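Next up: just one chain, as structure tokens, the form predicted alone.
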Amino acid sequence: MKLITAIIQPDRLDHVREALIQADITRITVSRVTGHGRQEDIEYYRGQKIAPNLLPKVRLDIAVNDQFVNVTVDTIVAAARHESGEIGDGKIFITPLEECVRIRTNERGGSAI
């Protein structure tokens, strides 16, 4: 099992969500977050560099069984990327998921996803 975390632009959320549904991936968690990556928005105030502003982003967390990892990642990349790809389109992190427990039934492992 893997936990796929994607940080994407807010304007791409509907595209990504619809693409995931088309790929039969329907269980996702969406959070509104702020952050800063490689975007160049260095500002100066009275000749001093100031910290870059945190930009609004959307975080998707998707727990999947191993056979769905590539499908999920490819779907997110295709739907989240702007036409030619831009700095700030986002990132995807894939981490091992040790255990999953469905609270209602106490079901564990891949079948709980």
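Since the model is a prediction, treat every value here as computed from it, not as a measurement. Don't overthink the numbering: it's just position in the shown sequence, from 1.
Although it is not shown, the form predicted together with another copy of the chain is what the next lines describe.
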Query raised in the report: So in the predicted complex, does any heavy atom of Glu99 sit within 4.5 Å of another copy of the chain?
Result: yes
Query raised in the report: Should Asp11 be classed as touching another copy of the chain in the predicted complex when contacts are defined as heavy atoms within 4.5 Å?
Result: no
Query raised in the report: Looking in the predicted complex, any heavy atom of Val71 within 4.5 Å of another copy of the chain?
Result: no
Requested in this report: Answer yes if any heavy atom of Thr29 is within 4.5 Å of a heavy atom of another copy of the chain in the predicted complex; otherwise answer no.
Outcome: yes
Requested in this report: Using the arrangement in the predicted complex, list in sequence order the residues of 91-107 with any heavy atom within 4.5 angstroms of another copy of the chain.
Outcome: Lys91, Ile92, Phe93, Ile94, Thr95, Pro96, Leu97, Glu98, Glu99, Cys100, Val101, Arg102, Ile103, Arg104, Thr105, Asn106
